[in-house]
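First comes one chain, alone, set out as structure tokens in the form predicted alone.
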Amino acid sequence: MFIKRKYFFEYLWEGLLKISGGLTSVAILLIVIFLFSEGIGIFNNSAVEEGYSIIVGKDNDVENLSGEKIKDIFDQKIVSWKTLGTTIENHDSIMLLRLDDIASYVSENKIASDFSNLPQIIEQIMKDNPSVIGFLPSEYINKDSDYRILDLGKIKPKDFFFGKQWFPTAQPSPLFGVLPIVLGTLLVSLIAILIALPFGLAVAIYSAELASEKVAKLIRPVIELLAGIPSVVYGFFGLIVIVPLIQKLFNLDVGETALAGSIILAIMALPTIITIAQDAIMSTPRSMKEASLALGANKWQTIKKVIIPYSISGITAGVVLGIGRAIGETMAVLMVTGNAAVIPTTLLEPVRTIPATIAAELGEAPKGGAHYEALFALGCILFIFTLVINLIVEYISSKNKNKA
């Protein structure tokens, strides 16, 4: 009876573990599907703001205007049609027409209180002013009128992945160029690892091979404490200490720079690098160390020629996981990097990272809109980065196991 009950509980726990594992796998798969289905939706959105149209006169043969050129026109950085490769006889200067501008073309008395005659007024304005370009609600646009509706098409993958401007709320054409954000993420993460690697490796070697047992027991809890500090605390530390220091040291207008973000991420990545590298170093067989010392090598030569080459796979895995921690960090980076979506040229400029962009803008993006889906697409890019990093770790770990 006791044996049957024992087997019953074993089968029960086994079944529960299988169900738990299956549900977890399905949940992860559904999250990934949801992430990519929302992100891919960005390419189904019009390049013009939803609910609006861009119109020009019927004699205006301008074509293939990009979102960036449209933005420059309405920001009045481009003021001549000749600049855009088209000519309108006796009318070269670009005139803008928004809904608020209509009163400057006709008297307010001609505009009905319910705007019912607005389509006719727009048609007359476009007829009288050939150099006008209008950005107006689509409900007031008459497709059979004497002006042309510019078709900017859908948001293109080329403009999204290689675009250099991120202005998701720009009118009339939002710009979703993620290149500055991706490059900012990679720059901050790479410099963080270059800073953290020598310090992390030095601490790992010291605590595993050189420190006394008493000191080694003291170092490990300190490293674990660093790993447990919330990222917002690191952000406050960076904002109060590192940012003013960089501003003063380099005589900058602001200290929120890529360098500040890299230093904070380096500190945050240290526990991961140290812990994994230390475990890899301590896994070196004692016989190999003793053989090296017996052949006349000193302690430092043994570390350089035997221990580090043997544990290099584990050390590399720690570094790659440290990169993963750096790439996915949000709050600390959001607080110290300045959040400027520009392509970085030096470490002393503000940058913006993918996680910081998502955290800062998702709450303001209308659900289901182009901005909302663009942020999900950024999440897809971050997911791919993380997936690649995990695959690299798995590959390195498998090589280490085969070697052992």
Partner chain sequence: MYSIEAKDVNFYYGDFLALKNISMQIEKNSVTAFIGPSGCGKSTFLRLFNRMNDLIPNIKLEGKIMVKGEDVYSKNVFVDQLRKEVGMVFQKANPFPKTIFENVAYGLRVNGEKNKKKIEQVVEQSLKGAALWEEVKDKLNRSAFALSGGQQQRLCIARALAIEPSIILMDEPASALDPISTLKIEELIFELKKKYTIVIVTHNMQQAARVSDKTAFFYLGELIEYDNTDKIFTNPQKEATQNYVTGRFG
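Positions refer to the first chain, counted from 1. The structure displayed is predicted, hence computed values, not measured ones.
What comes next is about the form predicted together with the partner chain, which does not appear here.
Item to check | Stretch in contact, per heavy atom within 4.5 angstroms of the partner chain in the predicted bound form, of 196-204, 314-322, 94-102, 279-287 | outcome: Comparing against the partner chain in the predicted bound form, the contact stretch is 279-287.
Checklist entry - in the predicted bound form, does each residue in the set Ser292, Thr302 and Tyr310 place a non-hydrogen atom within 4.5 angstroms of the partner chain? => result Yes: each residue has a heavy atom within 4.5 Å of the partner.
Next on the checklist: Considering non-hydrogen atoms and a 4.5 Å limit, does the partner chain approach Pro221 in the predicted bound form?
Outcome noted: Residue-level check for Pro221: no, no contact with the partner chain.
Next on the checklist: My question is simply whether Gly296 lines the interface with the partner chain in the predicted bound form - judged by any non-hydrogen atom within 4.5 Å.
Outcome noted: Taking the distances in the predicted bound form, the answer for Gly296 is yes, it comes within 4.5 Å of the partner chain.
Checklist entry - Are any of the heavy atoms in Val306 no more than 4.5 Å from a heavy atom of the partner chain in the predicted bound form? => result Contact check for Val306: yes, within 4.5 Å of the partner chain in the predicted bound form.
Checklist entry - According to a 4.5 angstroms non-hydrogen atom cut-off, is Asp75 in contact with the partner chain in the predicted bound form? => result No, Asp75 stays farther than 4.5 Å from the partner chain in the predicted bound form.
Checklist entry - Quick one: of Glu213, Glu108, Asp253, Asp144, which gets a non-hydrogen atom within 4.5 angstroms of the partner chain in the predicted bound form? => result When the partner chain is considered in the predicted bound form, the option within 4.5 Å is Glu213.
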